[in-house]
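Only one chain is included here, represented as structure tokens and corresponding to the form predicted alone.
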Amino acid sequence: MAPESRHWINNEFVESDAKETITLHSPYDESVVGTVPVADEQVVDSAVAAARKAFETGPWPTFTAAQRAQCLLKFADLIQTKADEIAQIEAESIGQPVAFAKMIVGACVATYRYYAGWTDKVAGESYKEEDGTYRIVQYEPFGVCAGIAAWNATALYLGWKMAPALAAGNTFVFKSSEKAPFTPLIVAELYKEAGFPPGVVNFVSGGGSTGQLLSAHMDIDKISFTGSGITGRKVQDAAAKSNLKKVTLELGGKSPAVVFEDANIENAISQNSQMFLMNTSQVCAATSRVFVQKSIADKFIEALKGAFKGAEGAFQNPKEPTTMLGPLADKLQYDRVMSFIQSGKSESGAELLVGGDKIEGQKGFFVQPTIFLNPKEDAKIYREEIFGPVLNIKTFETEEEAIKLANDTAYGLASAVYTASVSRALRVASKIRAGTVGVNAVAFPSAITPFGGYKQSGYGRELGKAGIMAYLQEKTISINMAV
């Protein structure tokens, strides 16, 4: 049976006379997964109007904090029952292994439960009377918010973008990536079942044209985007040129991992192979630039090469529960990664240590885990985000040199430091210009702490207290006590 493809507006699936559709093919066997309509201006306007009505005149504004929390907790319970179905559709659509997809659903559940706890924790402020005036500050929802998600972890973004917005009392219009449009439609009815009133949650499908309509819409108050820097700039530009809506951008990275000579080598190898290759390295925070101290470089590099070669056997049918690594998301992504690899071979000045080709004997868009050693400083593989299983290695001698190498990038999303010295770890972490630093491990985003980037990795934060505050605006009320 074909997956649900209609837009979800005002707590019901709606048909649309779509002039354009998008057909999804499996990156494993190229079979047709399904077709979705592209939301045009009329559909987007309808979704935004439903969200506006729900925020202004529906029952949602009268919900107490406890009632909002109850809806969030109920939805968390319900989406957990859909984990298998979500995992299967993500495996079919983008080749994401079902085991990883279920982990993503678990993270979504955790995010909704976390923000359910925040609904009654946003306190106002008051200031002692001064010059006859008593001042208070209160925090209010923006109104209608929108989210545009990347394709690599759709269920995750349902949590990151929507849970804090709903906890704060906003309404929402969500657009998933055109590469992975089905998960929101699988869970859409669960919002209704969880008690969210009509218009509070709306889902539209489409590509860049639909994202542009949301970014430029005059009746959307806040938008959150996860994706490429090129598209993020378009979102920001459209937001500024329309109604100056607030914007949160998470734009990927080219993250460093710094391995010092006193590090636990086995752990550092595992983190920079198994953890780096997770989701076929289609992870915005993947540490794709590894800097290793020269005194241990030979040992580290040989072990990492062996780990990458050994990982080829883990690339299998993503729908199988034992599969650890799947194909790249589609042919466009496969061609992009292969073009970077070709650039690495021909013009980067780097030595190809392992990989560098498609995986033989496998149908689907599988690429060998690839390592390049000592690329030139201006090489594309060293400077640009690849979003695939391609790693760069350089060596360093001093801590100062390592910090300089780590910061020599336009991005600043994530990073990792491997060392046995706590003082060194804290010292280096404080000097790396990135939003997240992991010590002796990849730093997974957590619902309780903020996630976001420095520099061209975007601005604003999701998750943690910062995540809900991003969906609230301050209001100062001054009371003249003399009247």
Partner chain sequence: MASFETQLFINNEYVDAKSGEFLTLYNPTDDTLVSDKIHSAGEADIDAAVAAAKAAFKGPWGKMGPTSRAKILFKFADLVRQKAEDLGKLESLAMGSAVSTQTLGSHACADLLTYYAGWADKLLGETSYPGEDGKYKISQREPIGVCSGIGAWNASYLLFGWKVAPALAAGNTFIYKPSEKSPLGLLALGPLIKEAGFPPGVINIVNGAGKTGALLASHMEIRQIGFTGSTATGRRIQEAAAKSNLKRVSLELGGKSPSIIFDDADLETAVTKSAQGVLVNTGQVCAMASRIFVQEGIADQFIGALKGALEGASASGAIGDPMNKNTMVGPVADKAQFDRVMSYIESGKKDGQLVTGGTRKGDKGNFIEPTIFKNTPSDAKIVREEVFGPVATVQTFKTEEEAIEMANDTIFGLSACVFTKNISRALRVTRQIEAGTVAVNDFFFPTVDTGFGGFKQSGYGREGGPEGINDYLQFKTIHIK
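All figures in this text were calculated on a predicted structure; none of them were measured in a lab. Numbering follows the first chain given and starts at 1.
Heads up, the form predicted in complex with the partner chain isn't pictured, but that's what we're talking about next.
Asker: V32 near the partner chain in the predicted complex, any heavy atom under 4.5 Å?
Answerer: Heavy-atom contact with the partner chain at 4.5 Å: absent for V32.
Asker: Any chance R383 has a heavy atom within 4.5 Å of the partner chain in the predicted complex?
Answerer: Residue-level check for R383: no, no contact with the partner chain.
Asker: Should K121 be classed as touching the partner chain in the predicted complex when contacts are defined as heavy atoms within 4.5 Å?
Answerer: Yes - in the predicted complex, heavy atoms of K121 and the partner chain come within 4.5 Å of each other.
Asker: Answer yes if any heavy atom of K128 is within 4.5 Å of a heavy atom of the partner chain in the predicted complex; otherwise answer no.
Answerer: Heavy-atom contact with the partner chain at 4.5 Å: present for K128.
Asker: With the partner removed from view, which of 404 to 412, 187 to 195, 111 to 119, 384 to 392 is the stretch that lies within 4.5 Å of the partner chain in the predicted complex, judged by heavy atom distances?
Answerer: Flagged stretch: 111 to 119.
Asker: Of the residues L332, A314, A99, L73, which one places a heavy atom within 4.5 Å of the partner chain in the predicted complex?
Answerer: Selected residue: L73.
Asker: Between 411 to 435 and the partner chain in the predicted complex, list the residues on our side with a heavy atom within 4.5 Å.
Answerer: V422, S423, L426, S430 sit within 4.5 Å of the partner.
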